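Below are two forms of the same protein chain, given as structure tokens: structure 1, then structure 2.
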Structure 1
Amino acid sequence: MVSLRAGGVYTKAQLQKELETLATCGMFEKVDLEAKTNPDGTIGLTVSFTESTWEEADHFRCINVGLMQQSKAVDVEDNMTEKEKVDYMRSQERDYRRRMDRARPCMLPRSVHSEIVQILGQGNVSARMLQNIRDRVQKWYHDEGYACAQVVNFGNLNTNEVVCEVVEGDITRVVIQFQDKLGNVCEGNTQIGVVRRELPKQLQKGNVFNIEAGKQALRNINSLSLFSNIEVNPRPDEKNEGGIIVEIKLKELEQKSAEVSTEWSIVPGRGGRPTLASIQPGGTVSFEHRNIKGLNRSLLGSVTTSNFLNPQDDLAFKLEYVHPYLDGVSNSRNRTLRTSVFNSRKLSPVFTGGPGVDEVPPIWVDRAGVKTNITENFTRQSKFTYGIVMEEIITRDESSHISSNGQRVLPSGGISADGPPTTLSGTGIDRMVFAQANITRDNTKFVNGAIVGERNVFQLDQGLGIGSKFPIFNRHQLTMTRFIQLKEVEEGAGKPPPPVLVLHGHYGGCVGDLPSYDAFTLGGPYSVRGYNMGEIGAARNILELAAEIRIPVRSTHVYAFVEHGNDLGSSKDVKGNPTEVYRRMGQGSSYGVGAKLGLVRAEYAIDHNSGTGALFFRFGERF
């Protein structure tokens, strides 16, 4: 409490100021500063004090005096008579009681209350004891996140009940401010409602400011991806004593942007070993016009290819318009409308051969069309999407001629064009309109970097009878994935992740018209690992099962897996039976091991149908 130090040089004014501070801090009843001159010319200073004490108390009450006028401790004036003094004291007590009645109860829980009553029971109430109590009360508030709470005063001191006055930090205003790159306040493009809806309820006017609510607000606003810098700061309100103004400072990102992102995929070449020719650079070139009209609407155009060196292999264009807050910015329902025009070209895995059938003439499937859907986000991960797709599908052969049937190689070596039909209409061009819905329930979370939880996805495509040959179909897929944590671990930064067992099942079925390009295919990195895409077969109904066990090793993890894909006998129910025509098995299993090296998964998978294994490098997650 004393700021004077031995060896320091002080002026008389400084010494007097020190005395005043000590006298007025309310801890002492009397303070005396005595100076004694030493033989060597220095001054020895003795500070003697009488600690303020009051009667013993056994009751404790805590009141919230935020937003109320501070009570001024007025000293008894010297030139008052006895009677005036007594009246004055009584009116003071009455005022104080009225003040206590007007005040709001504070948030302190029973447990802390009893702790403090125990402190009071130690003897006479002294200034040191009050300091103790103040520290305990403030500790509770700060631990709970109420960073702006303060004990401002103790009242009713000479009675049985000690009253502690707390200012909890009530929010009087929430101010949203936009800043430019240099930090100067500027006009923002984003509409205030967009930011306001991301604020948790605790951070509104009338509630007590909590730092965790502030952090949550930061996370929520960050997820909008509209701002490069976000600050949530509380500051005292000068106009309202004890009030807090929450200031949200935002720096907006550029509205227009263009981006190129690339990725490499290494595909096993001959003999299962990756060769130079099989390293394919792929990626996306995109431009985006964001935050149109300040309502987080955006227009996105992109071109994606899986092989920049040979883009006609797999090329996709997309122009998309995203319109969030479909029900209005102030409506808490989170629905987004997306409309896009797309055009893509992919190699059909339905028309590929089994092992040992090398040269199957490939078929390219060109899809172009418009799709529009509404997505309702229930949580950050779970959502429900429904919409309509209108598309034209053209199947072409290697020389880009429209091909209405797959080709097959005759035993004589010649090629005949009477393989399975590629389209529903039989002409090579199909046009159709169908409805699509997808519901995803995802409550996975990360435990020290390992993904744990479960994810279920149901997808439905319903033909509406509009299009070539009036297609009516119901194509449905159910995927269930469980990431089971095998060992309890302590959560925290730098702590090791738990071993995880992954169980995964995927069922796909179709009732009604099924063109070959929409048949479900078995085999591939997201179907049954160790086989090429479609190598196991193409069918009307499929079942894929997979299990993987992940063991953490140093800073990464290694895993072993087993997978199986089965056509449930429905290969023949695809017109022309392409599975049999191209000599595929219809079912297959694989097993293998792998390790995660940064972003790349290196795995060795053995194909059970042919008994051979190969090394693969892949990006991304299998499940």
Structure 2
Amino acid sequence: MVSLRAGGVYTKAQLQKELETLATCGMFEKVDLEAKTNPDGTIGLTVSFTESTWEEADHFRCINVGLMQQSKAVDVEDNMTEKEKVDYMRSQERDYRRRMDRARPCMLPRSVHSEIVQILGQGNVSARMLQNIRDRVQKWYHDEGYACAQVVNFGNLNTNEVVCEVVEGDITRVVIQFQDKLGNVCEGNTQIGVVRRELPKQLQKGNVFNIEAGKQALRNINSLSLFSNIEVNPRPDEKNEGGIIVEIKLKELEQKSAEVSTEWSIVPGRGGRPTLASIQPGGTVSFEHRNIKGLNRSLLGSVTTSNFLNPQDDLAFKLEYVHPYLDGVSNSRNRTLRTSVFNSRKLSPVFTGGPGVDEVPPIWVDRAGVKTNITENFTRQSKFTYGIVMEEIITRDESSHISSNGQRVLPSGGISADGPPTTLSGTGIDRMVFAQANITRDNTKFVNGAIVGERNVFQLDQGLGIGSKFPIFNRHQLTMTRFIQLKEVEEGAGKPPPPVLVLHGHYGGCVGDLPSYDAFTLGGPYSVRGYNMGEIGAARNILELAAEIRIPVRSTHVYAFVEHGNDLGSSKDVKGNPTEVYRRMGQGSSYGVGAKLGLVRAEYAIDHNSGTGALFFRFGERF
């Protein structure tokens, strides 16, 4: 309790104040401060005291006196008669009893109460005992994240119940400030309601400040992607004793941004030396206008081509408008409207050769259309999305000509275009309108960097009978993944992650009209590893099963996996049976090992159909 430190420089007034503080704290009967000059000119101080003691107590009570005027001990005047002294002490007891009745119960759990009662059972209550009780109470608060809590007084001494007065750190105000690049307070573009809805309930006025709630607010606000710097700081409220003001300081990002990225493809040249595939540059031009009207609405656009000099060959674009808080900023319902216009080109894995088949001429699928959906977030990770898609699909060969059928290489080296039909209409061009829904239930979390928990995803595409050949279909998928923690570990920074067993299942099915480009494909880094995209088959119904065990090694992990994919005998029901035409098996398994190297997965997988293995490098996660 003595704040003086060896080597410090103090004035006479400071020493006098220290003596008064010790004498009036109620812990000591008598306090003396003796000064002695040393030969080197310094002063040696000796603090002697007689510790105060009170009657034994066998009960303990903790109260929250935050936002109440703190009680101050008042000495009995010497000129009072005995009767006046008794009456005065009784009035003090009544006042303190009323104070205890007005105070709120503290959050201290019964287990800590029991520990303190055991401390009280050691004998008469002393200043040292009260110090131990104070340390134990404050330790619990600070361990639980209540960093502003502190014990301010002990009352009801000389009775059978000791009362511990705690200021827990009640939040009286939440202040949101916007700052410019130099840190000066300025007027922000973002509406305050957008920020306030991201604050957890525990950080609202009337609750006790908890540092974990502050961290959660930091993460929530950061997820808006509107600010370059975010600070959440508590400070004492000078107008309300024991109160806490939470200050949130924000620096906004620029509203408008544009970016151009270029790329050149490199392929092996003579002697295996790397050389440019083409001198013509490709790349992407993108722009973004974020936080429109301060409501986190945004307009995003991008244009991608492999040839900036002649972009009409494979121009792909996307223009998207995002409108969050569809029901209003003040409404707790969290729905976001997204509308996009798009044009994309992707290589179809349906028209892929099986093992030992010469290279199959590729079929490209161009999609252009409009998509509108509404996403309702139930939690940070669980959501429900529903909407409608209107699109035109064109299938093309590698020369960008419209192709109504898949192609195959003849023994003579020629190419035959009598393969499976590529579209529902049989012309190479389809137009359709369908409804789409997706529900995700995700309760995964990170334990020292390892993901554990479970994730379920159900997706549904429903044809509405609008478009080429009036397509009516129901295409559905169910994905279930379990991340099972195999060993309990202590959580915290720098602690090792636990080993994890991953179990994964994916079922896909379709009823009704199904164009070839929408058939389910088996094989690839996100289907059955060790195979190329679509190498196992294309089907109306599929089942994928996978298991993976992850073992932590230093700052990363190694893993072993086994996977299986099966078309459930439905490959023949796809128009033209591309699985049979391109000599694919319709089912396949693989197994292997891998290591996580930063963002890259290095894997050695063995294809069970051919019995050969290969090394793969993949970005991102499998599950």
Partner chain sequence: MAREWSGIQQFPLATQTKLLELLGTLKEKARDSLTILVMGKGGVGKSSTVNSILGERAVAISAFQSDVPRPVMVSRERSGFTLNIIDTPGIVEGGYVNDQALELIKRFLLNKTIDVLLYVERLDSYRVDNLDRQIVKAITESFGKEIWCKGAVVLTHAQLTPPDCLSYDEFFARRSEAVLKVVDSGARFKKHETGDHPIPVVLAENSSRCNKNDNGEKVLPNGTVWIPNIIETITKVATNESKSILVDQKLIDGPDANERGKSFIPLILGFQYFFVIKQLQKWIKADIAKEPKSSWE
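Definition used throughout: the rigid core is the maximal C-alpha set that superposes within 1.5 Å between two forms. Please read these numbers as outputs of a predicted model, since none were measured by experiment. Here, a residue number simply tells you its place in the sequence of structure 1, counted from 1.
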Which number belongs to the form predicted in complex with its partner chain, 1 or 2? 1
Is residue 476 among the residues whose Cα moves by 2 Å or more between the two structures after superposition of the rigid core? no
Could you check whether the CA atom of residue 487 moves 2 Å or more between the two structures, using the rigid core for the fit? no
Once the core is aligned, does residue 572 move its Cα by at least 2 Å between the two structures? no
Cα shift of residue 302 between the two structures after core superposition, in Å? 2.5
